[in-house]
Ligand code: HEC
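One chain is shown next in structure tokens, namely the form predicted on its own.
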Amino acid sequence: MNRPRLKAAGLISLGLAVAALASGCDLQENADLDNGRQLFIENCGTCHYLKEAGTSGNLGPDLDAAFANARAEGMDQDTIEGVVADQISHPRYTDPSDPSYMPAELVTGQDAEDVSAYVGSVAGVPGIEPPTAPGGPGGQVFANNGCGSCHTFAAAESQGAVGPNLDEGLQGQSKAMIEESIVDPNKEITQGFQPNIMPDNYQSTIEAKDLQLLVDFLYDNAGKPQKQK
């Protein structure tokens, strides 16, 4: 599945520029990678593609593309952690009105270390895949495309708040309506939310069979109580 590679070159060049500074920095020693993964999904996934996290944002750099090249050029995990930490503290400047604008210190302190260590451990790793997601094949499509980073959906065990709560919003909708909301998200904006946040290219980036699995998963589970584990 092809993914956008926006601004990856800029991230690589910046990463190489600070590599000497970051070398030898071992953030992972005391890092909580599970916490880092969750924080990344919640705070970074709407803008960045990262396969292991199941996020598909395309406003910022594709972190797998950027760091796959960096790893191939000899950048080690500790250095990648340092690059990410530096980007969190001092992101590339863009005008705040630019959709790709990233504010400094989205996460701080130990949380920033956890995110940096997590990204350093998974970004650009050959063959890496997201962990098995709840909800069967449709739930996996939901997770692999980062839907949980923006939406709450009980069947997927996700609690995103950037977009509408799907358990509430999808009740009573037909499969055709659900599919339209995925492939043409700006056609009808839920009250209280902004346009142009959800990617509008899922028609091309999600294979047709996976899109059908996703629609079926959402249709079959919206608003339904989940079995207690």
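Note that the coordinates shown come from a computational prediction; the quantities given were computed from them, not determined experimentally. In case it trips you up, residue 1 is the first one in the sequence shown, and so on.
Although not depicted, the form predicted together with the ligand is the subject of the following passage.
**Student:** Check whether residue 54 has any heavy atom within 4.5 Å of a heavy atom of the ligand in the predicted complex, and answer yes or no.
**Tutor:** Residue-level check for residue 54: no, no contact with the ligand.
**Student:** Heavy atoms within 4.5 Å of the ligand in the predicted complex: does residue 67 have any?
**Tutor:** Heavy-atom contact with the ligand at 4.5 Å: present for residue 67.
**Student:** Does the ligand come within 4.5 Å of any heavy atom of residue 133 in the predicted complex?
**Tutor:** Close contact is absent here: in the predicted complex, residue 133 is far from the ligand, nothing within 4.5 Å, heavy atoms only.
**Student:** Does any part of residue 125 reach within 4.5 Å of the ligand in the predicted complex? Heavy atoms only, please.
**Tutor:** Residue 125: no contact with the ligand in the predicted complex.
**Student:** Under the 4.5 Å heavy atom criterion, name the residues of 103 to 118 that approach the ligand in the predicted complex, in sequence order.
**Tutor:** If the 4.5 Å heavy-atom criterion is applied to the ligand in the predicted complex, 103 to 118 yields 103, 106, 107, 115.
**Student:** So the CA-CA distance for residue 191 and residue 47 moves by at least 3 angstroms in the predicted complex. Closer or farther than here?
**Tutor:** It is farther: in the predicted complex, the C-alpha atoms of residue 191 and residue 47 lie at least 3 Å more apart than they do here.
**Student:** At a change of 3 Å or more, would you call the C-alpha separation of residue 106 and residue 182 in the predicted complex closer or farther than in the form supplied?
**Tutor:** Those two alpha carbons end up closer in the predicted complex.
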